[in-house]
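Take a look at this one chain, the form predicted alone, written out in structure tokens.
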Amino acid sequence: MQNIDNYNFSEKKVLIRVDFNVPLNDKFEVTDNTRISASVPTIKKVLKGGGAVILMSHLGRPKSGYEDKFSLKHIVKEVEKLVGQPIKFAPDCIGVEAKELAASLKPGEVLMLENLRFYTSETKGDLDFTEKLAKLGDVYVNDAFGTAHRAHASTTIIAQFFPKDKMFGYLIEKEIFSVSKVLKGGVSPITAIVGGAKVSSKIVIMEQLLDKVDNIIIGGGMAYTFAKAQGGNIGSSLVEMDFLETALDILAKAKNKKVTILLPEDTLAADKFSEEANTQVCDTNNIPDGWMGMDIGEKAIASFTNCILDSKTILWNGPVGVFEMNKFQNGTKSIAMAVAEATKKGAFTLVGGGDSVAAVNKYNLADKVSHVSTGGGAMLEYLEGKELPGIAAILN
């Protein structure tokens, strides 16, 4: 199968689907360029190989048609800075002007199309719209892992117009390699750290992981559903009453498969959901009425850290406390530091899911772990064992 390394891009116009859905401030400046910089190696590879690049992306969730705040024109400057050369901009992604700009593009030049989602045809996967996009280029490269779980025109449907000239960019290649390394080729002991607020959103992942890992560390709001299920008092902590049986079921399956589940022994509890709250440390199974768990305590940090430092393969998905508030960030920060330390000791570490990525960035540790996934939902579905349409479209 051809790939980005062995394909001859000379004189070719290369349509690259990128994920430039980045946050902007009220002055329309990019506040986090992680997703843009992640696609730069793919763009540069095509340019170096003598090709011209046509970038397509979405930004935000426009309702119907053009909305200035969702225009990709706002990010052109940032892309120019990261790619290191001028970028042409098409005020539409299809139509006469886009066609002319694409046709006149010379090798070594880059054109960015306007937001694909100004057309509902993009999310509907409309064939006529897809064909118009496809006609702009000779080759299709998918480098947008963040949207690989959506069967949209530019992420999936378009691949059929390039039966012999379709491939992944470096970013998607690295994402697939990283998840496969955890799920299929991980060196034991393998540990998954699963955090976040709800058990309900992580059940499928935990069940998938039970066959792949040696340890699962559970933190964040979901830990209190497990504590409650085992008969603990959790005060007014977050709990999903409908998932108590599920929590017990996961614990039983883990025991059966000899997977160690680590729940936080102690908790930093607060009397309200606020930086100004009074706090106390208590056993996770014995939180007083009117108090809620906001972070893991020192004993939990110690046992989680020991487990992480003993591991050779680590997946981290979800924070272990309300780390957005400085008062309750200690647990998540300690986990982030432990994952970075394990990486330094030679472990393979994959961090994915919006909040864990935000935590790693907050503590400037993104370059201290093996891989930070750019696709929140896509990575979760991939971990759940689902076939992602954007991946399948290239492989099939």
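As the structure is a prediction and not an experimental result, all values here were calculated from the model. Don't overthink the numbering: it's just position in the shown sequence, from 1.
Keep in mind that the form predicted in complex with a small molecule is not shown, yet the notes after this line are about it.
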Pick from 71-79, 299-307, 164-172, 197-205: which stretch has non-hydrogen atoms within 4.5 Å of the small molecule in the predicted complex?
197-205
Proximity of Leu315 to the small molecule in the predicted complex, heavy atoms at 4.5 Å:
no
Can you check whether Val141 is within 4.5 Å of the small molecule in the predicted complex, heavy atom basis?
no
I'd like to know whether Ala148 contacts the small molecule in the predicted complex, with contact meaning heavy atoms within 4.5 angstroms.
no
Spell out, yes or no, whether the shortest heavy atom distance between Leu238 and the small molecule in the predicted complex is within 4.5 Å.
yes
Here the chain is shown alone; which of Asp92, Asp283, Glu324, Asp249 has a heavy atom within 4.5 Å of the small molecule in the predicted complex?
Glu324
Would you mind picking the one in Leu133, Met294, Ile193, Ala227 that has a heavy atom within 4.5 Å of the small molecule in the predicted complex?
Met294
